[in-house]
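Okay, so we've got a single protein chain in two different forms coming up as structure tokens, structure 1 first and structure 2 after it.
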Structure 1
Amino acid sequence: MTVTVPGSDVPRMLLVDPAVLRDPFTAYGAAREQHPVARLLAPGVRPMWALTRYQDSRAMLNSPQFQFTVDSLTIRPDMPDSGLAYLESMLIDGDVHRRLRRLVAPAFTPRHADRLREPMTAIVDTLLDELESRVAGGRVDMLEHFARPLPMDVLCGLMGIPDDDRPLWRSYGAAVSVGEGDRWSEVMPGVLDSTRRAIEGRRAEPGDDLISDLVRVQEADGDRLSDTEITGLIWLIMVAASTTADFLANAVLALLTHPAQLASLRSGATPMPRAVEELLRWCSLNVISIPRYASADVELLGVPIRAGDPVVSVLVAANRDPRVFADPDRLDFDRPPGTPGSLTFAHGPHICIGAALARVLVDVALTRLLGRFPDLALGVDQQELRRIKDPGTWRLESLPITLRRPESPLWILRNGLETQENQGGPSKG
């Protein structure tokens, strides 16, 4: 629901309004067409200014007038004291931030991410084996048993985290994914200890992994990343990686409910990278961007913004702005060349540094999932699916799927016998 500010056409939106939570695309889309700026309100949350159109959002995200600070990370209050130094080492702006991006950028280029396809594929295939083994009654929750463990398993593999530590990292990733803030504080000290041990080990004996790459980073003037900076960076990558699980679930649901697009993808008519880009635009995980803060009083699109006011982009509205995308509410894998990219990974100095890595991971996961299970389908009616009531993200509670048609011999062998066992075994009549 939107309410117009008295004496103005700027809409005020309640973040917890059931209509907004149920369908943010429609709610924020209506606000976008009313005015390029909206006011976002929620109990216990500082009011935020929001940009709803693509070009305005892109300009704000790239402007030094709107700064990224420690307060930008809304989960900061749940961070234990032991982790604040690492968090604050990364959530900075200006020259300090430019220095860090310069040092770490070589480890996150698209070319480097593409070289990781083979190890990613091995991890994906192992998890698909596990997914298949967990089928019960013909169905399995893809989100719980594939999408959620995948990013942490990949990240641990890329960083060279010892096998004994990986259950802890999976636990942390699951806590982030389902929004259990209290568990973040519980497992964070262990994750930090695991990261510090890994950094110490790579300084003594570098290997072929991400932490070794970051440890080796050193410019001609001798500038290099400190252990605190490396740990802070890995922590942020870990949080960002966890969100890939929920986007992957959104993408699978989108494909299973759009048979023509799925058929185009399966036939090879649509290259997977092109499909991933459109899915990032159409079913973005993040509803709004991480807040930036105005560095001085400024007028933004006719609206006065005070120094220190938080400003966000409404990504689900900007990514479906009809001024930029033709027929924006349609999932379209054939958008013309030159169509701008989505703002899902943000834009400007704080564009997600792991964007290339996330794109390759989703590409590999969807390719292997669809290739292995040609009869993949929803395990429940779409109307039965439920979303987590989070105004900042668009996440499913679960995603039950079926891997094979009921008449498939393998399905009958696996699930028919299981059903008989659950009923006390085969009849003897």
Structure 2
Amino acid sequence: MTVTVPGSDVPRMLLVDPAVLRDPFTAYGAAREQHPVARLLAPGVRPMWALTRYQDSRAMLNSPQFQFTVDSLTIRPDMPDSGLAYLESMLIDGDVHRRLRRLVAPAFTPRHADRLREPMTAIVDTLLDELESRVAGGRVDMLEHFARPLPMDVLCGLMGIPDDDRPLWRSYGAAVSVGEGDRWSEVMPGVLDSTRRAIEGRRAEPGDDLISDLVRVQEADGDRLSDTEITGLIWLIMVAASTTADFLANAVLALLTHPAQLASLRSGATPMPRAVEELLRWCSLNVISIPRYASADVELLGVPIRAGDPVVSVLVAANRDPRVFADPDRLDFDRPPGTPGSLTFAHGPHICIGAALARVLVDVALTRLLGRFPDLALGVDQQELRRIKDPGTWRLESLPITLRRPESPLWILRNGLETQENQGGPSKG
């Protein structure tokens, strides 16, 4: 799985090695314990330096020596060209990035996210009705019929996307989540059109939403914020938010395969926000960060890095660094107060702007899902579940679940008697 860079003890890993794709936690964990730096290779991609330990990752993600550049945007090879053009203004380090982030920050504070709890609950409950109506043969795919539409429905409300356009955004969110570049490209023009229409609509009739706020800033600010920038910003936020769907599926799977932790959550012994924090650490969605590029020659943890070399943090390895988290492979809702936060939302100038919103959204979704279905269980054997072959993210293809307990011996065998406490990585239990 790992070999060593000749002449050094830096491990070399193939990003698309089936063992790495199957269980990135174990593969990158082994590299982390061998050396703080790894060399990541993939066909057709420039070799990247990777930091696998928590403190080193935090320092790199926050260091001006490592910058987002145009090259950082190629991280998702399925990204349509029209999307790349928009990402440039928002993501590349510099004044534009700082200004746009400052403008949208008020809509994404923890306090604002908490104020959205009630409308989110209404959206979650409607989607749970839909989920129930989709059950076929006793099972339903919660990823397709609950988790994927959820962030888009919530974000459309927050942004001020007109109701008529929401199905379009849902299908876009699904295409992004599934990671099919062709489908992204097909839906992209409609989505950009919808954003432009929403901007015009809010200009004519402002409301209590993010697009109206941005239009107000634009009017107060002369020509500093262009319609193109607003469109790009809205689109980026929507794309980034759709990742919440995949994390939610990871979280539900983790709970359904950890009966003791699930029971502690159901009994109220573990408060939901604490569980969400540990789930974020344990089954984080992004395997590696977006690459940064060294702005000058530098020595990093004893390894010479050349100006322009790409450097990433392996977030899943940092989140399970035993130097920071005791018994790190264990899903443990009782970690002591003061345990550092995970790097699931990264760190530094590009730290996920939607982190507070994602936390509340996952909290509400899990609370309502578990509350409504006391017998919720996996609808297939865990070994049958498939992951999307994407070295950047840890995503399920689908997550079939059963909502109610059928009186069937097979169900009892699978979910009642056979479920074992999983102490290892997600692929181990």
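By convention here, residues take numbers in order along the sequence of structure 1, the first being 1. Throughout, rigid core stands for the largest set of C-alpha atoms superposing within 1.5 Å between the two forms. Since the model is a prediction, treat every value here as computed from it, not as a measurement.
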Do you think the form predicted in complex with protoporphyrin IX containing FE (HEM) is shown as structure 1, or as structure 2?
2
Did R202 shift 2 Å or more between structure 1 and structure 2, C-alpha, core superposed
yes
Cα displacement of T270 between structure 1 and structure 2 reaching 2 Å, rigid core superposed
no
Is the C-alpha displacement of R117 equal to or greater than 2 Å between structure 1 and structure 2 once the rigid core has been superposed?
no
